[in-house]
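Read the single chain below, which is given as C-alpha cells and is the form predicted on its own.
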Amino acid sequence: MIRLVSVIGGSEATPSEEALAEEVGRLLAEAGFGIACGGRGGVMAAACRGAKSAGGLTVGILPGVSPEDANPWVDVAIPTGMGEARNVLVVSSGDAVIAIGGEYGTLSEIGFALKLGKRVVGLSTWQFCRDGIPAAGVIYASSPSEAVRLALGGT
C-alpha cells in the first residue's frame, strides 16, 4: 500500500509557492509517499508535477463532478461534487499535511487537519496566534526538505 501525505495550498499561487510545492512533491515521491491534494491548479498542480517527476502517485480530490477538472499530473481523480466541503477529505487522506501558501480554503484545511489530529507542517503559509501568543499546532518549516522531514515524523 502506498501511503499519502496531503499537500494543500491555493489554486492560484506565486511562482515561489509553486517552486516550493514542486520540490515538496518530488521529495515525497523520492521518500516513497504519494500525495493527496485538491487536484486543481496552483500549489496542487505544482506538487503533482513534482511527484510525477520522481515517479510518485498523485491523488486529486476534486470539488466538482468531472474528473476532467483535474490537473494533468493527477493519476487518480476523485470527483466529489462537494465543493469546498471536500477539504475534509483532502486532509483526512494523508498521514500528515503540508500547507504551502494558500487562501481561505487552505486555512479551512489547516483547521480540519488540526481538528483531526493530523501533523500539519506549514511552509510559507498562514501564521497563527491567540491573544498575540503563537498558537500550538502547526509546525513551521523553512524549506521543502525540512517540511517533508517534519511531515514524515522527523524533528
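None of the values given here were measured: they were computed from a predicted structure. Residues carry their position along the shown sequence, with the first being 1.
Not pictured, yet referred to below: the form predicted together with another copy of the chain.
*Asks:* Using heavy atoms and a 4.5 Å limit, would one call A46 a contact residue for another copy of the chain in the predicted bound form?
*Replies:* Taking the distances in the predicted bound form, the answer for A46 is no, it never comes within 4.5 Å of another copy of the chain.
*Asks:* Taking 4.5 angstroms as the cut-off for heavy atoms, does G122 touch another copy of the chain in the predicted bound form?
*Replies:* No, no contact at 4.5 Å.
*Asks:* With heavy atoms only and a cut-off of 4.5 Å, decide whether A31 touches another copy of the chain in the predicted bound form.
*Replies:* Taking the distances in the predicted bound form, the answer for A31 is no, it never comes within 4.5 Å of another copy of the chain.
*Asks:* Hey, in the predicted bound form, is E18 touching another copy of the chain, heavy atoms inside 4.5 Å?
*Replies:* Contact check for E18: no, nothing within 4.5 Å of another copy of the chain in the predicted bound form.
*Asks:* Counting only heavy atoms, which residues in 75-99 are within 4.5 Å of another copy of the chain in the predicted bound form?
*Replies:* Contacts from 75-99: D75, V76, A77, I78, P79, T80, G81, M82, G83, E84, A85, N87, V88, L89, S92, S93.
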